Ligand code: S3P
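For reference, the chain that follows is the form predicted on its own, supplied as structure tokens.
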């Protein structure tokens, strides 16, 4: 699908976004192995989370959907059944990596595969710890999907992550639910802690000691009533659009403000963005609130080290903002971007160059000088949802109409993206 986007004069109004994708994945997986029926409201509408629900159903878990509400009848810790066919993770690395930890604890063989993009993404970071715990995992060339997992009784381990990854951490902790004793994961830097919070909500014994997170095996997980906050990673695109287009003012309601994710707001505020958090409350351990953003000139900055890990999903749209800032943006320590849905360093650079924006690329990051303007161009999502949305934002500030090839990729995480953008920015152009 090709979408045309006209330059915007301003963005205004209020938005309430669909549920956080990361939290939705975790709630669904834990609900499946809990006892009783868990009701999850404002479940993510994205295709990735639909892949998780489909995989759970194939494992014998009853799932009932009613709009954005999902009810999952848990089978208990060891109640999943052997699937009759290959599990389909679609484009979702989250589904594959985290569900693998649960599959490793079941005494059957299961194969989980994905689409062409996911099949190119390495999985050796989860294969190694799962094999250390006693599971057998076979992969194409030893590291690529599909994964064939032969699980059973696992042993607890202490595992130090070679690279910061919330998904790998979650995989090991989920596998730790099936091990005797305590399984510990040590992170090089702190990553999003949705898994730790969700495990506690369902009744697991979780401890956090600095960079070490541990879970005691063989817990009794109990069903819950849960509300998923709006997705801050999705909100990033609307925040960026409002900051980029003069005269804009947006209120984003009921959005997740987890401190391990809210680095985005801190980073933007540090660049001079006019962002205010109007209300905060806690639900199931997660912070939720309303965020007001107004158009602001940004200074620019540097993303490196622990900040790179915290902002890894937002870097494509932050690169767009960097081009319009005074000093530009430098991104370092982001080699992880090379193995996302696309090589995001390459695809960000390609689209920026099509818009006549200068960008310098490094193996682990990029540099975007500031003070640049966006030229109208024919852009491409390359099948990546975050690239599609980031360059829809850039197109709002271009000097004429832009087209985006493969704009439908946005549906992986936010099917409502273009209608919501049109709601606050006016008619996009078709």
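Numbering follows the first chain given and starts at 1. Source: prediction; values computed, not measured.
The next section is about a form of this same protein that is not shown, the form predicted together with the named molecule.
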Check: Among 214, 94, 258, 325, which has any heavy atom within 4.5 Å of the named molecule in the model of the complex?
Finding: 94
Checklist line | Position in contact with the named molecule when the complex is considered in the model of the complex, options 75, 192, 224, 106, heavy atoms within 4.5 Å | finding: 192
Checklist line | residue 156: touches the named molecule in the model of the complex, heavy atom cutoff 4.5 angstroms | finding: no
Check: Heavy atoms within 4.5 Å of the named molecule in the model of the complex: does residue 201 have any?
Finding: no
Check: Is residue 312 close to the named molecule in the model of the complex, meaning a heavy atom pair under 4.5 Å apart or at it?
Finding: yes
Next item on the list: Give a yes or no for residue 334: in the model of the complex, does one of its heavy atoms lie within 4.5 Å of a heavy atom belonging to the named molecule?
Entry: no
Next item on the list: Heavy atoms, 4.5 Å, the named molecule in the model of the complex: which of 315 to 323, 164 to 172, 276 to 284, 77 to 85 makes the cut? Say which one.
Entry: 164 to 172
Note to self: Need the contact residues for 13 to 29: heavy atom within 4.5 Å of the named molecule in the model of the complex, sequence order, or none if there are none.
What the structure shows: 21, 22, 26
